[in-house]
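One chain comes next, on its own, written out as structure tokens in the form predicted alone.
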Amino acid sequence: MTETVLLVGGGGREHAIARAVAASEGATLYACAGNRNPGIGALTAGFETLETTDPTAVTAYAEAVGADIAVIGPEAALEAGVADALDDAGVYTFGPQAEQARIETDKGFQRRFMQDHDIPGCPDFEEFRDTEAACAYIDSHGDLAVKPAGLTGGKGVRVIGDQVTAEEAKAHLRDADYDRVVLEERLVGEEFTLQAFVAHGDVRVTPAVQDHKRAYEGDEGPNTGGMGSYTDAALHLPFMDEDDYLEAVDVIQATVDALEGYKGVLYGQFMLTAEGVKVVEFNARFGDPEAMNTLPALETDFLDVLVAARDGDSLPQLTFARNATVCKYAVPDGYPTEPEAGTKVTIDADSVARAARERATEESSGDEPRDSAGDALLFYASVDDREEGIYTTTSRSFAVVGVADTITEAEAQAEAALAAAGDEGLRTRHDIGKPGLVQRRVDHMRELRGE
């Protein structure tokens, strides 16, 4: 039996989801987004350009194509109630309804929820509606994480003592004039993320990922939506051990138990500290870029997960290829503060894959690539596919993902793929996944733990 799946969203994360769905022989895929993503379009039977935060428009398209299942990529669509509307229309949606999506879309709710349900890993926090009261709290408490309560695309947080001074944080609050702000204790350690597939109480976790939010190499500059990320061949990362990973899994499980009836992806962003795992935040959908690391490594048929979730069956146990992955984004010059849009880009996906194969061949002991080394993957993100070509927008343009035995080999593949893809008017954080940066993470955790 063929399942008709509707994908909502047009970024790199959604391209990875589309690729995972399209890999199943039992799926017919449609998509809708505000931009025409050429990578998604090539995998679908139909692609509609519409506003993904409009529940009526999305539901009408789902009904027009006869969708059996929907998958929502962007958080803004969840906040707008798109999952609610699709569920009401009889289209099972692998994504939480707006009330449960508040675990991401309202950071004040998120922290109160954790506190009320005794979910481990919750830092000390206070929530403020009055800007001057928040500024006074900063004066009396020193280094804090300053978080707008609502969605900011991963760019709203200011960390005092790391990114900004107390005076800069207060100036930001006064200029931005947020309705509510959450002030939390500053967590010191190494961040990692863990994504889980969730339905009717089942939790199926994926490998840990480390994202790189800062815009420039050496972890400098403002926060972005994510410049790239990596996984290791094991479920945990080099600066972690298995117990750290399992501690994060326990937090995810406790959160799902408390949410009752949650469906979709629950993504935990964690800080591994000297005292253990702390929760930076939760997201109610796949991460971007983390989806591009984990979904290509998923050996379980993703459609089987979606169908089991819809039918009320136990979710299948997940298996993953024992490879490391390194994802690197190419972004417009000036991103994220003053990005330059409208650059025409010419990207040859075959050249990207060929460059990775050639790199793997060079690193192997014989004439052929290692069996575990795959083609580098290309994911289009915030680009617009027009009649005259593909053009950049003001957000991240495309990503490449290297896949190999080790992080170092996967990073080399990603670099070869970037060179083949071309970078007219674009820039990349080339240090992501390089041995020196990974080792600094390991050394940092050893120092914090007194090892």
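Please read all numbers here as calculations on a predicted model, not as lab measurements. Position 1 is the first residue in the sequence shown; the rest follow in order.
The form predicted together with a small molecule is left out here; the points below concern that form.
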Close approach of Asn223 to the small molecule in the predicted complex, 4.5 Å, heavy atom | yes
Wondering, does Arg186 line up within 4.5 Å of the small molecule in the predicted complex on heavy atoms?
-> yes
4.5 Å heavy atom contact, His236 and the small molecule in the predicted complex | no
Residue contact check: Val157 to the small molecule in the predicted complex, 4.5 Å heavy atom | yes
Within 4.5 Å of the small molecule in the predicted complex, heavy atom basis, the matching stretch of 177-185, 82-90, 247-255, 128-136 is 177-185
Heavy atom within 4.5 Å of the small molecule in the predicted complex - residue from Val265, Val205, Leu315, Met271 | Met271
Heavy atom within 4.5 Å of the small molecule in the predicted complex: which of Ala145, Val277, Val345, Leu303?
-> Ala145
